[in-house]
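In the form predicted alone, a lone chain appears below as C-alpha cells.
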Amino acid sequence: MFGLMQDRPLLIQQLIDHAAQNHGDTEIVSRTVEGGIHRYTYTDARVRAKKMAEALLALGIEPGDRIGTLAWNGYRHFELYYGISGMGGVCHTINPRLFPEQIVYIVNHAEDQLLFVDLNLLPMVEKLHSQFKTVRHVVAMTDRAHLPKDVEIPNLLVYEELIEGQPGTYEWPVFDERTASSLCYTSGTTGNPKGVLYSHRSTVLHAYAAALPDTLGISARSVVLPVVPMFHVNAWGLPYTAAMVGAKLVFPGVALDGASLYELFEKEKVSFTAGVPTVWLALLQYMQANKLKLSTVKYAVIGGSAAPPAMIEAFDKEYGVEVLHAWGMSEMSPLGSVNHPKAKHAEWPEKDRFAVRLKQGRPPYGVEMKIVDDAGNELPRDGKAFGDLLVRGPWITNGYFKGEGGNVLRPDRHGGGDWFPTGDVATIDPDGYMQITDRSKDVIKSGGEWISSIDLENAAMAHPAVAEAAVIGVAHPKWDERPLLIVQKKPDAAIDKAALIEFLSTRVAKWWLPDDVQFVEAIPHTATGKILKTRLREDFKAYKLPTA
C-alpha cells in the first residue's frame, strides 16, 4: 500500500522560485570582475535566470546539453546555475586554475555547446578556443561597455545583450527529478579529471541536509559569503542552500586576499563563510598584522583539507569565530560530515572538547559511512581502529561521466546497496565522529605500522614560525618508509630543523618524528587549494634521508 501524498519532483528551479516568492527582497551582493559592488534581490535574480533560460532556447540549446562556465563567484554565475539547470540543461562549472591542457580536455570531454567566461578569463580562452571541438559560442559575462575591443574569439556573444531582449516570463518545465543538473570534474592529481554528474534530486536533497542545524545551520537570518569557488563542487552547494532558506548571499568575485575578504565581512555583516585552509591562513595573517577583529562572523566552515588545530584555536580564542570542521568530496556533492558538539560535550574539560573538534565530524542523515580493512571486513566504531572509508547515500555518485574509470563501487556483503570508496583512511568513534587519518595513498607505512601524515602536519603547523607543512614518505632500507617534513616558514620567521624536531617531540610519538626537515619557499597546491603531494614526491624523488 502506498501513502496518499502528492508526488512532486524535486527540481532546482523550485529553489529560486521559493526564494523569490518568500524572500524576494533579500539581497544578493557581488564584488564584480569589472570593479565595484553589484546589488539586487532574489526577485531580480529569478527574472534574469528565466531570461537566460529563454536565451539558451533561442540559441538552440536542448535539454541535456552541457553548458560550460569559466567564472568566479558572482551574480551572473548564480543566474546560470538556475537558468541552465532550470530549462533542463547541464551547468558544467570549470576550474580556471587548472592547466590549459586540462581545461581543453574537460570542455571536449563534456561536449560543451556554449562557454560562459568572466571578463578577466577571456585572454585564456582566446588562446584555447581553437581547440574546443563542440563549443558553438563563447559568451563574455559582462556588458558591451566593458568588453575589450580587441578580443579575438569567433562567435563571441555578450551576456547582457543575450538576455536583454528576453521577456523573463519563462515557465519552468517539470521533468524527472533524476534529470542531470550540473557537472563538475575532479581535480585529480593523476590522470585526466573525471566528471561527477549531479541530478536535480541529489542537489535539492543535499541543500536540505546542508541547512540542518547540525550541518551548516543556515537560515533566513544568515548572511552567507562562499569563499569556496562556484566552480568547485558548486561552492559546496551554498548557492542552493541559501536560496532554499532565503539567506542573504555575498559573492567575493575574484579577490580572495585577506584585505578584500575582511572588507566584505564587515560591510555586509557576514555571519557565515566557507573555504579551504589556505584562504583562512591569509585572512588570519592579515587580521593579526593589522590588529583587526571580526564583528559579525559566527561560523567558518573549513574543508577541502584538514584544518590545522592552531587555526581552529586562533579563530575561536582571538576572533570568537566557531570553526566548523567539515569533510566531503566532489563525488559527494560534497558534504559528508560536519563537526558540531553534542550536548554532553558541554560538561567535558576544554582539552577533551577541543580534541573532538579536530575530527571531521558526524554525517548528516542521508550519508552512511563505514571503515573496512584490506579484506573488506567492517572495523569497529571505537575511535581507534582505522581503515578505508566507504560511503553511500542519495547525493553520492555511483560512477563517473561517460563511464570513466569503470565500476568504482564496492558491493555490500549484505545486499544493502553498493559503497563508494573515498580513498581516505579514517576512524569512527561510538558517537559517529569520523576523523581522517590520511589519504590511502599518503599514509606512511614504517616498519609495518602506519604514521598519519595529517597528524604530523598539524603538529608542525602549531609552531608559530611555520606557515604551512607537508609530510611525505621517503624510502628507507630498514623501515620501508620514513616521514620527511617539508616546511614553508612565515615571513621573517626563524626556525631550524633541530628546534622543530624538539617542538614535535612533545606532540607526537617518538617513532613518528620525521627523519629530516626540508625548508621550501612555497608548498605547491592543487587547483582547489589542497597540498599537491604528487609534486612534492616528484621534487624529492632523488632525496635520501640522512638515516637511510
Ligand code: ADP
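Residue indices: 1-based, along the sequence shown. All figures in this text were calculated on a predicted structure; none of them were measured in a lab.
Omitted from view is the form predicted together with the named molecule, to which the following refers.
- Look at 347 to 355, 420 to 428, 379 to 387, 217 to 225: in the predicted complex, residues with non-hydrogen atoms within 4.5 angstroms of the named molecule sit in 420 to 428.
- Exactly one listed residue, out of M311, M287, M329, L119, brings a non-hydrogen atom to within 4.5 Å of the named molecule in the predicted complex: M329.
- Think of it this way: in the predicted complex, the named molecule has a heavy atom of just one of V254, I454, L147, I153 within 4.5 Å, and the residue is I454.
- The shortest heavy atom separation between T186 and the named molecule in the predicted complex is within 4.5 Å.
- Although the partner is absent from this view, G303 contacts the named molecule in the predicted complex, with a non-hydrogen atom inside 4.5 angstroms.
- At the 4.5 Å threshold, heavy atoms of I436 reach the named molecule in the predicted complex.
- With a 4.5 Å cutoff on heavy atoms, H18 does not count as touching the named molecule in the predicted complex; it lies far away.
- Residue Q360 is the only one in 345 to 365 with at least one heavy atom within 4.5 Å of the named molecule in the predicted complex.
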